[in-house]
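Here's a solo chain for you in C-alpha cells, the form predicted on its own.
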C-alpha cells in the first residue's frame, strides 16, 4: 500500500506478532496505521458465542484497520494473526501528515478504500441470497478479479472451507456440500481435497 522506506522515513516501526495474537480489538481506540510486512492476518467480527465473521484476509503489502484513522471512532472489527507475522506501524498523527504531504499516496489510499467498500456492498447483497452455491461462486469470482486468495500459478483457492463459511455466513457443512455440487457442474475443481477455480 505504502512503500516500506516511506513509512520508515516517517517514523514507522516493526512489530512481530505470533499466530493467534490479536493485533487490535473491536471497540479499541486507534493509535496506529497498520500495514502487513509478512505473514497473514484476518479482519473479523466475533459474536458473543465466539463465532467469527471474516471480513477479509490481509496479505503482505496491504493495510488493515484504517477506518478509525479518519473518523476518530474505535475499531469496528478485530485483527488477528493467522500465523507468525510482521506488522509495520506508523503513529496516526504521522500517517495523516504523510497523506497531506504526499497527495499521490492519498489518492491511492482513497482508491483502496473504495474497492473495499465495493466488496462490502457485494457481500451484503449476496448474503441476502439464500442460494449457498451462488454466494460461494460470487466470492470466488471476486477473488479471481482481485487476484486475492488464489494461487496465480495453479489457481488453487488458498482458503479453507471453514474460512469460506466464515466469510459467507454459511455453515461449513453447507460449504462442503455446495462446493461438491459446484465441482460436479464444472465450475470449480476439487483434487485431493484442494479446491481450484477456473483459469483467471
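Residue numbers count along the first chain shown, from 1. Quick caveat: nothing in here was measured; it's all calculated off a predicted structure.
The next section is about a form of this same protein that is not shown, the form predicted together with a further copy of the same chain.
At a distance threshold of 4.5 angstroms between non-hydrogen atoms, residue 45 is in contact with a further copy of the same chain in the model of the complex. a further copy of the same chain is not drawn, but in the model of the complex it has a heavy atom within 4.5 Å of residue 99. Residue 168 belongs to the set of residues with a heavy atom inside 4.5 Å of a further copy of the same chain in the model of the complex. Contact annotation: residue 161 falls outside 4.5 Å of a further copy of the same chain in the model of the complex, judged by heavy atom distances. Taking the partner from elsewhere, no residue among 80, 141 and 148 has a non-hydrogen atom within 4.5 angstroms of a further copy of the same chain in the model of the complex. Residues of 63 to 79 placing a heavy atom within 4.5 Å of a further copy of the same chain in the model of the complex, in sequence order: 67, 68, 70, 71, 73, 74, 75, 76, 77.
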